[in-house]
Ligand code: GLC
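Here you get one chain, nothing else, as structure tokens; it is the form predicted on its own.
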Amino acid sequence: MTLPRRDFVAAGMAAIPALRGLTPQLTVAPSADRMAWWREARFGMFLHWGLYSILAGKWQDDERWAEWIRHNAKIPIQEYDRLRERWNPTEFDPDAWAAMVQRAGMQYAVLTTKHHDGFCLWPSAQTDFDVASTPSHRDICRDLATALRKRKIRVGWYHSIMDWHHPDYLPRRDWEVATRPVGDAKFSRYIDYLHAQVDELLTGYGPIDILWFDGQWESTWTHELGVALEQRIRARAPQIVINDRINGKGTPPGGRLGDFGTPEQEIPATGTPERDWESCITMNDNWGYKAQDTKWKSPKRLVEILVETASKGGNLLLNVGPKGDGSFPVESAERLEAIGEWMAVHHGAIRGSWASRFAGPVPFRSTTQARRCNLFFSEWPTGPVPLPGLRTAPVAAQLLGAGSGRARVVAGAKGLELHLPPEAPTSLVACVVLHFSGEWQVITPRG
């Protein structure tokens, strides 16, 4: 059983050439070149939005779910498909979304073009399970990409390898095998579908900066399939940044794919110095919108997460789950504004920074730059702050944000130490910048 081809073809997609089986003869951009802007950015927005947002986490009397609601609540496919009749996000304002990304100090945004439920936020020529079959008809991908680029924000697409809707995707959900038997499903046809949709997303919306895959963990998706998909993408877009979840089962030693790792809902204890990485983290407990999820992290805690991530050399992809009508939850918007106020003052200590040079327990987080060291304090110290191992005396110490007094570095009995005024700057997380005349050095103290 194959899906009928759509009569509707999005503008600019009709001329996509067949690339199946192509062995690209091209020079792929060196990783350092294509990753330069991404390493500079340090902060982006994740956007989980789809049909599941309409349900807001509730199916019948069950309020436990969010973006996985079709699977977890065991919703029959025919019933879930009818959500298309309710997709009419009249409050979706791509310019307002882009403005919030910009005000929060983020440099890129990643939208779920298709989550595991298979619904597509663009009019795909490969399926009718998309926005073209809804009352809205609006091409979400086109409108958001346009709005982001107006503000010089990089554009990223999340795309699920797993697809609970496509008749050829395998394995079928165990709870629906009886009512939706495998029949003549053929996974290779699904691979053709996946490739064709990735082609659409790369050719119909201008240059895309990030492809962020997910749902790769099932046994049908193999390392070899990941290699073929990555080659196809690189042939289309040599400069694109790809996450590591493009990889699949059976990866040989040294066979990693993609440009960066993706720890989820956590920050690695020491980062991952062997490769670039990005922590994706929610503001509350769920990715998609769930009305009953009130476990919101405070603005202070979210800034602490950003600082911790940067201090370990990683990026933070902070999630927003818009409502079904296209509006941001009030709690998300409030937190983005608070983070934006902090970033307006402190962005120079986050963007373009590297991991901390300090080792061992210290009462601060820090980020590294060529001629400055940025020290972050969640709690304001009450006495001198030791700077263990710092071998270069700074020429100045600067408090960021509003506050009184001044900071200075002096030589103490055990080395350089930072002296601060009694009153902390009025900031979610305080920051002191140490300025140096040239290269500076920290030597790890011996135990």
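Fair warning: this is a prediction, and the values are worked out from it, not measured in the lab. Start at 1 with the first residue shown and count on from there.
What comes next is about the form predicted together with the named molecule, which is not displayed.
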Between the options D192, D143, D214, E304, which residue brings a heavy atom to within 4.5 Å of the named molecule in the predicted bound form?
-> D214
Sole residue of R245, H346, K312, H159 within 4.5 Å of the named molecule in the predicted bound form, by heavy atom = R245
Contact flag, W59 vs the named molecule in the predicted bound form, heavy atom cut 4.5 Å = no
Wondering, does F46 line up within 4.5 Å of the named molecule in the predicted bound form on heavy atoms?
-> yes
With a 4.5 Å heavy atom cut-off, would you call E264 a contact of the named molecule in the predicted bound form?
-> yes
Does L121 reach the named molecule in the predicted bound form if we count a contact as any heavy atom within 4.5 Å?
-> no
Report the stretch among 279 to 287, 134 to 142, 102 to 110, 231 to 239 that approaches the named molecule in the predicted bound form to within 4.5 Å, counting heavy atoms only.
-> 279 to 287
Using the arrangement in the predicted bound form, list in sequence order the residues of 90 to 125 with any heavy atom within 4.5 angstroms of the named molecule.
-> H115, H116
